[in-house]
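Let's start with one chain on its own, the form predicted alone, as structure tokens.
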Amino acid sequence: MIPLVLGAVADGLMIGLAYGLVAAGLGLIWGVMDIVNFAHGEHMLIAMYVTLLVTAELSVSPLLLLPVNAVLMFVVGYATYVFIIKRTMDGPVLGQVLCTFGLLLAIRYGIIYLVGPSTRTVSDFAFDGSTTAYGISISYPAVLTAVVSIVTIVLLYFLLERTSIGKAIRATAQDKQAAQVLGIKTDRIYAVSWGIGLAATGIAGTMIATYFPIQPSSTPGVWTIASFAAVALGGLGSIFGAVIGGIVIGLVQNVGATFLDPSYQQLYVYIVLIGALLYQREDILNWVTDR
């Protein structure tokens, strides 16, 4: 029984850190611009398929694709704001919701049109395999993904806390008009926030592709819902809050699958999401209003 519990907790922590990184990107965009990116999982899907296809065709290690996908997704995020989202900023919230939902459909079905709807996995990864310690099976790709997630989260934190662009992002999130008076170009900050948020998602997608099945219809939804739940738990704009929320989601999902029914994994996430929305404490955890 003890190895079973420890195994569920270890798996929950590792996938939870990946959820946390994806949620941090979602929470950054949401917290700075007050826009929910419903296409967040689909954006991650782009990085996953780049990893899958380049690895298969060119035998390039997914680890070497980390900076490539980070830059690629930064450009995708920046361009998404400049060419699409910016045009909805002065309109009703419903327009922004429909805009990101349209992006969801365009990316998802665009990928299905290009590569097909079948489920695929990265088959050639140097760190494939697992080991067993104290009766617990530990997947090497999952451990590596957790390590990369921690490093990226720390870098993201220092970027927002210790750099001039991070301070400008926080200032814009707190009060757009005051930031403009201080000379901050808020449109540029919005574009950079989209870029950073999707770059974090690109790094997560690269690593997750090494051990998580990739299916264009179902994979994005799984990660988008988990990210929403993590952000709802941790608070908008709180990097570490999103990470803690992601870990909670991972633990609930894996412990529930181990001791209840694995076919209801997504149901456990929905229950946490509903609970978080009912009892969220955004005013306490949100650094946008705290500072």
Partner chain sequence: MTEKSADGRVASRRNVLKITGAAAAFSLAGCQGGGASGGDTLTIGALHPLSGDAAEMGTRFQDVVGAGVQAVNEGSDLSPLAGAEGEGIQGQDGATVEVLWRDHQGDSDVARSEAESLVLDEGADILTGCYYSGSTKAVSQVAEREGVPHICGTAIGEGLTERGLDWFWQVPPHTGVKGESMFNFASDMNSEYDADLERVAIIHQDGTFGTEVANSMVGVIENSDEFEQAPETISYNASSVTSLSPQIQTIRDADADIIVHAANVRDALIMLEDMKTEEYYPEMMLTPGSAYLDPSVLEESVSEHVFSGSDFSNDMYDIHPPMGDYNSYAEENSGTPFDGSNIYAWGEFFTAIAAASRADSLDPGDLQSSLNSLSLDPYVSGLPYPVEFNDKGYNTEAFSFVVQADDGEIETVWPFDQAQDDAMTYPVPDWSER
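It should be emphasised that the depicted structure is a prediction, and the values quoted were computed from it without experimental measurement. Definition used throughout: the rigid core is the maximal C-alpha set that superposes within 1.5 Å between two forms. Residue numbers count along the first chain shown, from 1.
Absent from the display: the form predicted in complex with the partner chain. The rest refers to it.
S.K.: Is every one of 137, 212 and 263 in contact with the partner chain in the predicted complex, taking contact as a heavy atom within 4.5 Å?
M.R.: Every listed residue reaches the partner chain in the predicted complex, so yes.
S.K.: Of the residues 53, 66, 60, 222, which one places a heavy atom within 4.5 Å of the partner chain in the predicted complex?
M.R.: Exactly one residue meets the criterion: 222.
S.K.: Should residue 109 be classed as touching the partner chain in the predicted complex when contacts are defined as heavy atoms within 4.5 Å?
M.R.: Yes, residue 109 sits close enough to the partner chain in the predicted complex that at least one of its heavy atoms falls within 4.5 Å.
S.K.: Answer with yes or no whether residue 118 is in contact with the partner chain in the predicted complex, where contact means some heavy atom within 4.5 Å.
M.R.: So residue 118 counts as contacting the partner chain.
S.K.: At the 4.5 Å heavy atom threshold, is residue 238 in contact with the partner chain in the predicted complex?
M.R.: Residue 238: no contact with the partner chain in the predicted complex.
S.K.: Counting only non-hydrogen atoms and a 4.5 angstroms cut-off, does residue 218 reach the partner chain in the predicted complex?
M.R.: Residue 218 belongs to the contact set for the partner chain.
S.K.: Partner absent here, but in the predicted complex, which of 137-145, 195-203, 153-161, 171-179 has residues with a heavy atom within 4.5 Å of the partner chain?
M.R.: The contacting stretch here is 137-145.
S.K.: Which residues in 239-257 have a heavy atom within 4.5 Å of the partner chain in the predicted complex?
M.R.: Going through 239-257 in order - heavy atoms within 4.5 Å of the partner chain in the predicted complex - the hits are 253, 254, 257.
S.K.: Answer yes if the Cα of residue 14 shifts by 2 angstroms or more between the shown form and the other one on a rigid-core superposition, and no otherwise.
M.R.: No, the C-alpha position differs by under 2 Å between the shown form and the other one.
S.K.: Core aligned, does the CA of residue 260 move at least 2 Å between the shown form and the other one?
M.R.: Moves: yes, 2 Å or greater.
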